[in-house]
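Take a look at this one chain, the form predicted alone, written out in C-alpha cells.
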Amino acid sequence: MKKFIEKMPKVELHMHVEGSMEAETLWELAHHNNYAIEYSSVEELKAAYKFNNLTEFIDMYMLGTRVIKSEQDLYDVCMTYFKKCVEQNIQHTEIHSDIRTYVDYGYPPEFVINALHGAFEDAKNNYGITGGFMPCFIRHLGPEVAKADLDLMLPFKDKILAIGLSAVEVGYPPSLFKETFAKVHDAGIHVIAHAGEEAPAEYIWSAIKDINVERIDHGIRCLEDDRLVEYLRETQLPLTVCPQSNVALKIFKDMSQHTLPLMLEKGLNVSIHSDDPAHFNAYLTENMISIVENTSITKDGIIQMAKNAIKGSFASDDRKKELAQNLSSYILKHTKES
C-alpha cells in the first residue's frame, strides 16, 4: 500500500503555501533578509515545529510570513512546494494564502497575487502541474476587512481561482460575510470556506446557506448533525479533510480516532489533503499513508478519495478527464503487476 500511494497520481485541494515552508527555508530567508528570529540554529527551529497547541502553530505560521520580504521570496517558497509535488506525483494543486497579512506589512496586493500566479505558470511549463491560487479572508478580522480585501483582489480576478474563508473559526460564522461573498459570486470567482474544524456543524450549514460554498475545507464536525450528513451525501459537496493537521492540532488524540473512515462509509465526498505540510511533518503522501496505517481505510477508500479530489477540483472539464485517466491507468497498471 505504501508503494502504491507513493506513486499514485494525486490532486491536492487544501494547502496553505506558507505552511509548506520547511524550517531550513525559514532559517535561510530570515538570515537573507536580516530578520531577527529567536532561534539560534536550524535544529532549534525544527524542534519548535512540534506544536503543543493552536497558538504555537499560529505563531510559527506567522513567523513564516514575516521572513518573506519580496515577491521572489514567496515565489521561491511556492516553487519549493511544486518540487515536492513532482516527488509525490501531485499533478494538480489548489493552494491557499491571504492578501491581508502582506498588505498589513505594507506590501501591495499584487505582491502575493503575482508571486503565486507566476509560480503556477512556471509549474505548468516546467512540471505539467495545473491548479491555482485561492486567497482567503481572515475571518477573525471581521467582515469590513473582508470587504476591503475583496476590493483589492477584484482587479486581479483573472489570476484568482477561488476565494475562501480561514483562520479563527469560533465566533466568526460564514453568515457574517454573506454580503461580501455575494460579490465574489457576482465576479464569477469560486467560493470555498474552512468550516466545521473547530466550530460545530452549524458553521457548515452557514457556509452552505449563507455564502453558497462550492467546497468545504475540513468539515469533520458534520457528523454531529444527521440532517447535514444526509444533505452532504445527497449533494456530494466536496469536503477537503486534513488528517495529520487534525491530529497535530489536537482535534483527535491520535490518527486511529479520526472520523474520516466513518465519513467515507456514509458516502460523503471526502478527500485527503495536507493543510500545512511542513508544520505537521506530513505532505499529501504521508497523510494518505498515515490514515491507511492507523484506521480501517483500505486501498479502495484511498482510490475513491483520489477520484473525489479530482471531481472536487476547479480544474477544467478536459483537465479533470485527463487526471481521471492518469489515475485509472495507474490503477490498471498496478493491478496487473500485483
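Don't overthink the numbering: it's just position in the shown sequence, from 1. All values derive from a computational prediction rather than experimental measurement.
There is another form of this protein, the form predicted together with adenine, and it is not shown here; the text below is about that form.
> Using a 4.5 Å heavy atom cut-off, which residue among Ile58, Ile303, Ala48, Val42 comes into contact with adenine in the predicted complex?
Selected residue: Ile58.
> Pick from Leu262, Met255, Val145, Ala167: which residue has any heavy atom within 4.5 angstroms of adenine in the predicted complex?
Looking at Leu262, Met255, Val145, Ala167 one by one, just Ala167 meets the 4.5 Å heavy-atom criterion.
> Within a 4.5 Å heavy atom cut-off, is Ile289 in contact with adenine in the predicted complex?
No, no contact at 4.5 Å.
> With a 4.5 Å heavy atom cut-off, would you call Leu63 a contact of adenine in the predicted complex?
Output for Leu63 is no: heavy atoms all beyond 4.5 Å of adenine.
> Hey, in the predicted complex, does Leu54 get a heavy atom within 4.5 angstroms of adenine?
Yes, Leu54 sits close enough to adenine in the predicted complex that at least one of its heavy atoms falls within 4.5 Å.
> Report whether the minimum heavy atom distance between Thr240 and adenine in the predicted complex is within 4.5 Å.
Taking the distances in the predicted complex, the answer for Thr240 is no, it never comes within 4.5 Å of adenine.
> Where does adenine sit in the predicted complex: which of 263-271, 76-84, 155-163, 194-202, heavy atoms within 4.5 Å?
So the stretch in question is 194-202.
> If you apply a 4.5 angstroms heavy atom cut-off, which residues in 214-238 are near adenine in the predicted complex?
Only His218 sits within 4.5 Å of the partner.
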